[in-house]
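Given next, in structure tokens, is a single chain: the form predicted on its own.
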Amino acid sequence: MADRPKRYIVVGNGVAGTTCAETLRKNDPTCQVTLIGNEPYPLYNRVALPPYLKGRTPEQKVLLRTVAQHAERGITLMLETTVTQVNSEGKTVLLDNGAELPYDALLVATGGRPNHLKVPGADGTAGIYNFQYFDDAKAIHAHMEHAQTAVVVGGSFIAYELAEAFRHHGLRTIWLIRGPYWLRRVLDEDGGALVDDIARDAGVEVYYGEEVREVHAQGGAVCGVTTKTGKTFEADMIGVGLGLTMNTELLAGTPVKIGNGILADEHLSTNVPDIYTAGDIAQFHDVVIQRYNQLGTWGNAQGHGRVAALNMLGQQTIYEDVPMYSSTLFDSYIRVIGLTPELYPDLESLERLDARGRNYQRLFFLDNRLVGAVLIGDMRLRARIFSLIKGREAIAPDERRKLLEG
């Protein structure tokens, strides 16, 4: 009797999960692939959400797949469905509707969920938005049409993207950052000051060392906030960028090792046979830097999905790439490459600032190797940085300054 088709379950239908599902079917057209997502949409482009907020990308350009396209590819797509538990011994997943599905190999690409603003007055108050999902973007977009003043909370990339969108729509924008400057674990004081200049020139009112103590509401909707230092600001809406909590709960009770995300080797395989991970939630062994790495970027997730699928199919494929994240900064641009002190504070660094030209470069070193960088404005060093990180060549301390000199 012929062997039955392999059964693959992919939890999370973002770019990591969708790429994995499509790669599985492409390489084994006889296999059964079930792709499970808790949102109402097939794959959409999260990178397109900030320009969507600014009205530069229409809704139809955000969506990348349709339900029909999944069916044409032979993928069973289950939307608005949550996997509540994984039975690693019985090799099944339990769904929120009570169904239990068996698997031969499982990918967990569930990413993270945004941390909410948890202060008095915030719970149940309309007009407070996180910015992680397409529905968030649509709700923010609609509210901005009739708002006048917005408060942004947090020092993250998400917070900056929200401040940028609010100013683009002409809202008075007040930005509250707990730390001494934006992205304080990646930039130094000079880099933070440059970003501050860029934001203020765009009309953003930035306050550092500030946290929201209380949200004020009128008629069930936001009307203002008070900070822990006693400052009060009126606001029609609040945008929140306070980081993510990884969605690892479905693995509770299993032997799968969890760190900040799901720990995995260079094959995206966990310590439990036939369970893999990919995307934002994957805390994977990075063979380029020889440490665990975790970076929520589109390209990183797409590469993870492909490599995880090949390994689920039995190939021994290593994920080897230099993660990169980029974003606009009003009239400037930022690119974060490789490893940063966000994950490893012990990295050595070297900086150069051109305040007049609004250019900034910061390089990160580990054991005399270049392992990461952040660039603002001038991107000409980008290719050189990628090459040096991938090459893993030793760079003596007295040679490092030459890298910033071109």
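As the structure is a computational prediction, the values presented were derived from the model and not from experiment. Just count from 1 along the sequence shown to find any residue number.
The discussion below concerns the form predicted together with a small molecule, not included here.
Open item on the list: So, C20 and the small molecule: in the predicted complex, are they within 4.5 Å at any heavy atom pair?
Closed with: Contact check for C20: no, nothing within 4.5 Å of the small molecule in the predicted complex.
Task: Contact label in the predicted complex: Q32 to the small molecule, heavy atom within 4.5 Å - done: Heavy-atom contact with the small molecule at 4.5 Å: absent for Q32.
- [ ] Flag I9 as yes or no: does it have a non-hydrogen atom within 4.5 angstroms of any non-hydrogen atom of the small molecule in the predicted complex?
- [x] Outside the cut-off, so no.
TODO: Evaluate G111 for contact with the small molecule in the predicted complex, applying a 4.5 angstroms cut-off between non-hydrogen atoms, and reply yes or no.
DONE: It does: once the small molecule is placed as it appears in the predicted complex, G111 has a heavy atom within 4.5 Å of it.
Open item on the list: Using a 4.5 Å heavy atom cut-off, which of 185 to 193, 220 to 228, 293 to 301, 255 to 263 contacts the small molecule in the predicted complex?
Closed with: Selected stretch: 293 to 301.
Task: Answer option from F233, Y325, Y208, F330, heavy atom within 4.5 Å of the small molecule in the predicted complex - done: Looking at F233, Y325, Y208, F330 one by one, just Y325 meets the 4.5 Å heavy-atom criterion.
Open item on the list: Going by heavy atom distances of 4.5 angstroms or less, which of M379, V47, L350, L353 would be at the interface with the small molecule in the predicted complex?
Closed with: It is V47 that has a heavy atom within 4.5 Å of the partner.
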